[in-house]
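Here we start with a single chain on its own, the form predicted alone, put down as structure tokens.
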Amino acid sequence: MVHIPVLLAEGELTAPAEALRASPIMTHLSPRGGESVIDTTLGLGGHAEAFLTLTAPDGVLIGLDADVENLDRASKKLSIFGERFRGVHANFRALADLSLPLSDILFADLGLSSPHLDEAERGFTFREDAPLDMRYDRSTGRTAATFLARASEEEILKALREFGELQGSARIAHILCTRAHRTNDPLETTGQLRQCIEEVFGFRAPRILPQVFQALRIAVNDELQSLQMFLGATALQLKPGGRLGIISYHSLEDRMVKQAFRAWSTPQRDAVTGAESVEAPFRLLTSRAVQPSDAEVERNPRARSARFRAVQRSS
């Protein structure tokens, strides 16, 4: 499947730059010539290419990605921008430790990239049989198979309940733990995991499988803790007046982003008078989450669950 950046190209104007500026992300983040951008989840570079186009002629972009394979692909694509682009192999959770220059725009697209779903050997999809991996960075960390083999039933239950928001989590945790702990027949492939769920839940399995895979993926990559660490670093990484935009794809992420943005944009008030005593460090650029249009979802079904929120640091 062709990679289509989410919430990026809804405009149908003749000039590409004008079309990009009319897209939901660029409308709210307003990149201008000469500005600096840190794309903290580079993926295949679709959003980064748009930022570099709109910050021409001398704007710069640093792209982070935990997936070295995606980083290589994006770097080749963005090499046409020369020294205006620099790629860094790093998870966005490490933003505070990278000693990067302050930026005008910070951006994060928390979704899976197309190769994660289209290349079965990555282990993110239940539609084909492949090793049960699910790591964004295959050079480090434990696979989903290793997580299941080493986790207790309580740990698996916690992941399913908190990250998959699954009903009947206890039953599923017991099934997976029992199957994964077989010494002579461990749970090692996406096909085996799918079979476990199908054998027990039958016709209901197609509704359950996406949540099971989501829960394991979040657990393997420690995604929510990574997001929390990233959010904690953003204020120190933005210039005054800088903008932060985040696309999330499930309620757990979106809730964290929404709550953080609301807290940052709420001024402190005097307990007695109610008067504003300390200005809020940020202001909301999106009063509510921006969602893809019906037309975009028709063109790109993977955009269906996307939610975009943005804030601006006070000057």
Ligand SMILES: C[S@@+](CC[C@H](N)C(=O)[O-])C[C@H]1O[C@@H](n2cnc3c(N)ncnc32)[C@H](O)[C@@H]1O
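On a predicted model such as this, the values are computed, not experimentally measured, just so you know. One rule holds for the numbers: they count along the sequence shown, beginning at 1.
Unshown form predicted in complex with this ligand; subsequent notes refer to it.
- Site residues P5, A90 and G111 are all in contact with this ligand in the predicted complex, judged by any heavy atom within 4.5 Å.
- Contact with this ligand, judged by heavy atoms within 4.5 Å in the predicted complex, is confined among 261-269, 279-287, 26-34, 40-48 to 40-48.
- Screening V257, A66, L54, V60 for any heavy atom within 4.5 Å of this ligand in the predicted complex leaves a single hit, A66.
- This chain is drawn without this ligand; in the predicted complex, the residue among S226, T125, Q237, S169 with a heavy atom within 4.5 Å of it is S226.
- At least one heavy atom of H116 is located within 4.5 Å of this ligand in the predicted complex.
- At a distance threshold of 4.5 angstroms between non-hydrogen atoms, N70 is in contact with this ligand in the predicted complex.
- Residue Y136 is the only one in 125-141 with at least one heavy atom within 4.5 Å of this ligand in the predicted complex.
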